[in-house]
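The chain below stands alone and is given as structure tokens, in the form predicted alone.
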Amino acid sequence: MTQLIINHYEAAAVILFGIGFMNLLLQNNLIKKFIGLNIMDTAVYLFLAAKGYITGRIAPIVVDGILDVEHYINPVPSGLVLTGIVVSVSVTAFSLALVQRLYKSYGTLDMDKIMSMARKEEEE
């Protein structure tokens, strides 16, 4: 239990990922599926940010002439998180544009109904 308290950011990331994954699996509405996907993305970013931070270290900006690497945190996880956020926003925008086109074509956002209508169109 003490490890869970010490690693509370990682635990929160795992819980968020589980919530997003279950939302992705159980929802039929496409908008709700993308919300679940975004929750999963956020959980991964939280996990990376939590792993990149080390207590007692400072940002990797040389101010006081300290050049020893052990005084600074690793900047790579922060860069990965920022890059991931940019990619996630782009994928979400593109996905929502596709969902809008699906709604215009089929008149619903229910995945099962869209799949059944697509099968009917394919058979014709």
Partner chain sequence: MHVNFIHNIPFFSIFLAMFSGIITPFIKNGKYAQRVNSAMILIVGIMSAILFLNVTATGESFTFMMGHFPAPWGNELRAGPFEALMAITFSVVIWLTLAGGRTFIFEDVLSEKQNLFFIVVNLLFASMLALIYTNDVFTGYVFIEINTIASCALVMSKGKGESIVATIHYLIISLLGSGLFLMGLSLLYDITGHLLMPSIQQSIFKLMQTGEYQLPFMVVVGFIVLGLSIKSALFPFHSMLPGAYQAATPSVSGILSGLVLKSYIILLIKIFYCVFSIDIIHSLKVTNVLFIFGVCGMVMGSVYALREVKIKRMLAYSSVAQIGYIFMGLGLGTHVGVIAACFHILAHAVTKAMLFVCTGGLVDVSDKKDQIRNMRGAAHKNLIAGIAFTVGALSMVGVPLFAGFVSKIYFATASLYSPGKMAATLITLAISMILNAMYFIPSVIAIWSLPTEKIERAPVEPWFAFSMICFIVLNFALGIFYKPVIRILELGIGLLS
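All values reported here derive from a predicted model rather than from experimental measurement. Positions refer to the first chain, counted from 1.
There is also a form predicted in complex with its partner chain; it is not shown, and the following applies to it.
Q: Using a 4.5 Å heavy atom cut-off, state whether Tyr9 contacts its partner chain in the model of the complex.
A: Tyr9 lies outside the contact set for its partner chain.
Q: Though only this chain appears here, would Leu102 touch its partner chain in the model of the complex if you measure heavy atom gaps against 4.5 Å?
A: Yes - in the model of the complex, heavy atoms of Leu102 and its partner chain come within 4.5 Å of each other.
Q: Ile39 versus its partner chain, in the model of the complex: is there a non-hydrogen atom within 4.5 Å?
A: The answer is no: Ile39 has no heavy atom within 4.5 Å of its partner chain.
Q: Heavy atoms within 4.5 Å of its partner chain in the model of the complex: does Val14 have any?
A: Within the cut-off, so yes.
Q: Which residues in 18-36 have a heavy atom within 4.5 Å of its partner chain in the model of the complex?
A: Result: Phe21, Leu24, Leu25, Leu30, Lys33, Phe34.
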